[in-house]
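In the block that follows, a single chain appears as C-alpha cells, in the form predicted alone.
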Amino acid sequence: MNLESAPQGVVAGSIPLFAGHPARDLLPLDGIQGAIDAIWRGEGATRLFNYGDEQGNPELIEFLVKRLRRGEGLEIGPENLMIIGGSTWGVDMISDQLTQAGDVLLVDAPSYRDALHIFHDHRLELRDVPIDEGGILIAEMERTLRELEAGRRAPKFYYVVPNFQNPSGITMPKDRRRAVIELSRRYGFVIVEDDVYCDIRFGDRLPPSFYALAGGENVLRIGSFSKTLAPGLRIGWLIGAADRIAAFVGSGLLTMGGGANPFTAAIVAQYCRSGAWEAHLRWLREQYRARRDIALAALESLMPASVTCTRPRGGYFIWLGLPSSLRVDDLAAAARERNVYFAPGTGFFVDPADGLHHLRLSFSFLPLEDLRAGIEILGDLIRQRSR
C-alpha cells in the first residue's frame, strides 16, 4: 500500500486493526461506474454541476422513503427525510441547531469517539452512562437524569448508536429502547439515533428503531451510505418530524450550499433505483459475516483467557477488555513497534481513564491474512505484558 492510496489514518505497510472502512475488494466500483455512465448519457447531465435542492436529491429521497416504508413499516413521507453529507455532517448539524455552548448531552460509556469530538467542538457538557451487553443501563440513565433535574438542568439530547454500536458492537434490545423513549418523554430530551450499521446485519432481524417505537416523536435518526457503498461519497440521510426537517433544510448551511453533495447524490440515486444497492447489500452481509467469524475464531485461539471480547451480530467492530494489569497505551506503543495499530479504548469515553483497559478492533477493512496476523501479534504482546 503506498501513501497515495492509503485511506484516512492508515500508515502505509501497517496492519490497521483500527480502520472502520469498507475493504477495498468490497467497494462496488463497477456498479457505481455504471450509474455514472447512465447519468452521463441521460438528459440534463449538466444539473450534476449545479446547486441542488436544499432538502437533497428528490429521486434519492423518494427511494429512501419507499424503502423505509416497505422494509420497516415507517409511516413517513418525503417531508420526513433529508439528504445529508454523511453521518458526521448530520451529528454536527443537529448539535449546531439544537444546542448552544454549555448545554448537557447524554452519551453511552463507551460511545463513538468522533461524535464525542464534535460535541467537544460545540463546547457541550457530556454526561456518560455505562452500558452492558444490552446497551445503556436504564437505572443509571434515570439516576443521571434525576441528578440533572435536581440542579435544574436537562439534557438536550441523548446520542446513541443502537445497532452494532461503535465501538462495542452491541445491539440494544427492544425493551431498553422503549425504556429510553419513556425517559425521553418524562424528561423532555431528543433521541439522536445514529443508525449507520443497520444494513450490515448477519441474520437476525433487528429490534424496531427508536424512530419506529416512538412513532417519530422527538427522535432524529441518521443513516449513511458510507458503510455499505463508499465513505468517499459523503452521502447519508436524516429522518425526523416534518417541522424539524423543515427547520434543518431552512438553515443557512443548506440554503447557502444548495443541498448535500448534489453530484454524488444523483449517482447514488441512480445506483439505488436500479436495484444494485439491495443486491450489493445481500452479498456484502455475507462478506462481513465471514470476516467477523474469522476475527472471533482468531481471538478465541490466539488471545489469553484474561481478554474478553464482544460477539457482534453485525457492523464492523469487536470490543476487547484487557487484564487489569495491562494499560492500553502501553500495549499500543508495543504494537506500533510491530507495525500494528488499533483504536485504544481511551478515545471512546468522556473520561479517557475509563478506557485504559479496553480497545476496539475492526474486521471490515483488512485482508483476511492481515486480520489474523494482527490479532496474533496482539495476543503475543498481551501475554508478554500480563504475566
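Everything numeric here is computed off the predicted structure, so don't read it as measured data. So that there is no doubt, residue numbering starts at 1 and follows the sequence shown.
There is also a form predicted in complex with another copy of the chain; it is not shown, and the following applies to it.
Spot the stretch among 248-256, 170-178, 68-76, 198-206 with residues whose non-hydrogen atoms come within 4.5 Å of another copy of the chain in the predicted complex. Residues of 248-256 come within 4.5 Å of the partner.
Each of Arg143, Asn218 and Gly345 near another copy of the chain in the predicted complex, meaning some heavy atom within 4.5 Å? No: no residue has a heavy atom within 4.5 Å of the partner.
Another copy of the chain contact at Thr99 in the predicted complex, heavy atom, 4.5 Å: Yes, Thr99 sits close enough to another copy of the chain in the predicted complex that at least one of its heavy atoms falls within 4.5 Å.
Taking any heavy atom pair closer than or equal to 4.5 Å as contact, tell me whether Asp128 reaches another copy of the chain in the predicted complex. No, no contact at 4.5 Å.
Can you tell me if Pro16 lies within 4.5 angstroms of another copy of the chain in the predicted complex, counting non-hydrogen atoms only? No - in the predicted complex, heavy atoms of Pro16 and another copy of the chain never come within 4.5 Å of each other.
Can Leu48 be called a contact residue for another copy of the chain in the predicted complex at 4.5 Å between heavy atoms? Close contact exists here: in the predicted complex, Leu48 approaches another copy of the chain to within 4.5 Å, heavy atoms only.
Just to confirm, with a 4.5 Å cut-off on non-hydrogen atoms, which of Leu183, Ala276, Met303, Ala230 contacts another copy of the chain in the predicted complex? Only one listed residue qualifies here, and that residue is Ala230.
Does any residue in 51-87 get within 4.5 Å of another copy of the chain in the predicted complex, counting heavy atoms only, and if so which ones? Tyr51, Gly52, Asp53, Glu54, Ser87 sit within 4.5 Å of the partner.
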